[in-house]
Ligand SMILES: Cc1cc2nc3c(=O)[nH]c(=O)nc-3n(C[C@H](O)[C@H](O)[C@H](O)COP(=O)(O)OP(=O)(O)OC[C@H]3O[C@@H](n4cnc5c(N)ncnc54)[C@H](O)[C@@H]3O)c2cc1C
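In the block that follows, a single chain appears as structure tokens, in the form predicted on its own.
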């Protein structure tokens, strides 16, 4: 048998790198395998890492202004748009300005590479500085099983063995399925496609345009005409000298309506409000990737078996309940918990399901699964056509009437609102949405 590791991690995204960091700091001999040329090379996503887990993982990371993050979020905005107007809920607060920050904007190709460097530093300080590795440009083709226990991985003709395996392979979780933890087929109505452009500006122009000070940043989510009636929504995040702008769209609804993501993104950018916002920039990157919808019904029922744990988006840990798109923070916390469970298994000398189940128990008790369970109604509500079609039209119709001053008697606000409801929805729509919203949030 070839050299054996304490643990093998598959995938050097946020979840995998986080798990590796914890293992290195606890003197675990591990192998982290990444199919890309370097950690982050295959990651075209980006956005906001919410919460404070990064500050626990890399204390005082905010002092590294040339590190893996671009800006901290102190400005949140939710925008409803129809064909010609936008109506925003806007919140900006000084309380967001103090580290550890509530959210930081990252570009994954940059962030993952930076975090990998931190893992390398942790390896160098461990007892296995010469025996733990980050191995790139390697595709794992198979989980090796013996008597239904994961014992290693196969890549090409080579086999590597370990007491435990952590799968952090991302949303295209072929190994998770091969291990029998998820069905081979995931319905298209539970899968979304994300399309994004990176647009570059002179940094001073960007900061003036979005009213940024120093390394402060803004996140903006869009509901309505952004998707041309397709299930989903839009987003805009300010990076250091670029913005990330894009859409997340339901695959099933795209097929049903016969629309292409790139065409919808072009129409979104041409919207009069968006066009004014992004003018003068240079598109330097276009990317697309698949993401989970946040519906827990597609999550594997079990995230463990003998010798095996599944974390990050391989476990479909993602949620958009209307306040924010959460995925990278879930990946980080699940990576921490998976690594801690692998350490406990090593200390106990027991890698059976009985011990590995402790990971899922810890995940269930964490904010990750508590939020996913508590806000499922909000996830379903956001995918209701009334929310992404009728409501934005109603809100903007009311906004145009309310904020337009004419040389004639002005209607009361309640009369304007009744007119907007009559034009774009029904009172029954509002009652149903109101009840569902009250229950879900």
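Numbering follows the first chain given and starts at 1. All values reported here derive from a predicted model rather than from experimental measurement.
FYI, the form predicted together with this ligand isn't displayed, but the following is about it.
When contacts are judged by a 4.5 Å heavy atom cut-off, residue 313 counts as touching this ligand in the predicted bound form.
Although the partner is absent here, residue 47 lies within 4.5 Å of this ligand in the predicted bound form, judged by heavy atoms. At a distance threshold of 4.5 angstroms between non-hydrogen atoms, residue 284 is out of contact with this ligand in the predicted bound form. In the predicted bound form, this ligand lies farther than 4.5 Å from every heavy atom of residue 231. Site residues 54, 103 and 339 are none of them in contact with this ligand in the predicted bound form, judged by any heavy atom within 4.5 Å. Residues placing heavy atoms within 4.5 Å of this ligand in the predicted bound form fall in a single listed stretch, namely 161-169, out of 266-274, 207-215, 346-354, 161-169.
In terms of contact with this ligand in the predicted bound form, the residue from 321, 181, 291, 144 that brings a heavy atom within 4.5 Å is 291.
Interface residue among 369, 251, 78, 138 relative to this ligand in the predicted bound form, by the heavy atom within 4.5 Å criterion: 138. Looking at 329-366, the residues that come within 4.5 Å of this ligand in the predicted bound form, counting any heavy atom, are 329, 331.
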